[in-house]
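Next up: a single chain in structure tokens, the form predicted alone.
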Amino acid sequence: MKADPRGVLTGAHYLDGDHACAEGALAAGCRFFAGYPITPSTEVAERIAARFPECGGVFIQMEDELASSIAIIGAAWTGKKSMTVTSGPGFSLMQEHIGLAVMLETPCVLVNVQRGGPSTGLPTLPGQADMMQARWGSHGDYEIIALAPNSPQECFDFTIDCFNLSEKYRIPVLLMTDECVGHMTERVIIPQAEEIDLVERKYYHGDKSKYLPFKPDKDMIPPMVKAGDGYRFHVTGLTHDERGYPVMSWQCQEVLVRRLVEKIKNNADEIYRYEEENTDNADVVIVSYGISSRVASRAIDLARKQGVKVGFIRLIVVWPFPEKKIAELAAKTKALITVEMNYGQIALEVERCAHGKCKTLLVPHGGGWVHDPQDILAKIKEALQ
């Protein structure tokens, strides 16, 4: 295997999604990883543990998922791009620290290789039932960014995108993959370093005595500094002012939390990503993401062969949700059908954004295996009745 001067592999490889995710993290410049083994995400950690010595990274197996998620926050404040990986039960444990990372405006990446739940559930089999938890799992008002790959190539590409988004907006970003994509092996192309666009962290370079860790620039994003570089600063999960000092007032809460929300909402048009296919004259539009989108493609092909006009929108960035696009589609089609491996999560967002302008249907699945394309085809026919 050929590596560039950074120790990053380049060229064509056959990798499963978990290993491709690990290589994407390395290519993005991640050099700190803290994690705890959990099926079906462990292969990401194993790959990084083997590869970090070649790239100058630091790998730590923590005692649990709580320790893992707080460790990557601390590492980010030392200037490192940091990541952890987990699955359902571990993701539940990490929710408090996701909220902390939002409040501290700490760039980091969390990967959730979803499996069947709740509780221990189906450790070795797929699910997509953590999608609402990804958006609302922590408490309080906040926005989040979450991407959903449907192939090993996208596990590589989207991991890089996650780091870029986290650095640009100073926010934890989630990669919501699943067991099928994580354990699927396909051809993955790893470009040369100069072909990969990386967003680097915005640092403060002014008078050290005047640094305010939470004073935003015009883009609503405060520049950071590295711990140990001689700056005095304070970070806390409490509501805080621009100095980082706790201020227990509604006025401070309004200024701080509104900015945390609006720095994502006001930039949502730049963050949204989806693939759209044949929606202009479609009678039915399928909405899907992750592994379910690949199965949905087969059902769409079957429906089109029977003369049905079916469009398709695949969500790449699931959060923030593309509200305007769904509303636009609802206004010109007879039905929106959500295909996802749960009993209705993103389907609720589709229904909300459709505003009653068309039918909204769900093809549910409890996890453990993928949909049968025939079930999706049957729902397409039902929508036209």
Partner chain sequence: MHEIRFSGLGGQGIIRSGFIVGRACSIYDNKYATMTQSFGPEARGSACSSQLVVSEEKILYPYITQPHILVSMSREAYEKYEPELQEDGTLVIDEDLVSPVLRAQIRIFKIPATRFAEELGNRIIANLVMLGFFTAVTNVVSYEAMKKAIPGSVPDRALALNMKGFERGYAYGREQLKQQ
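Residue numbers count along the first chain shown, from 1. It should be emphasised that the depicted structure is a prediction, and the values quoted were computed from it without experimental measurement.
Omitted here: the form predicted together with the partner chain. The next part is about that form.
- Using a 4.5 angstroms limit between non-hydrogen atoms, residue 310 is distant from the partner chain in the predicted bound form.
- The shortest heavy atom separation between residue 365 and the partner chain in the predicted bound form exceeds 4.5 Å.
- By the criterion of a heavy atom within 4.5 Å, residue 180 is counted among the residues contacting the partner chain in the predicted bound form.
- Taking the partner from the other structure, the partner chain in the predicted bound form has a heavy atom within 4.5 Å of a heavy atom of residue 43.
- The contact residue chosen from 282, 160, 122, 295 relative to the partner chain in the predicted bound form is 295, the criterion being a non-hydrogen atom within 4.5 angstroms.
- The single contact residue among 184, 271, 129, 102, judged by any heavy atom lying within 4.5 Å of the partner chain in the predicted bound form, is 184.
- Partner contacts here mean any heavy atom within 4.5 Å of the partner chain in the predicted bound form, and among 223-231, 184-192, 80-88, 164-172 they occur only in 184-192.
- Within 4.5 angstroms of the partner chain in the predicted bound form, the stretch 12-29 places a non-hydrogen atom from each of 12, 13, 14, taken in sequence order.
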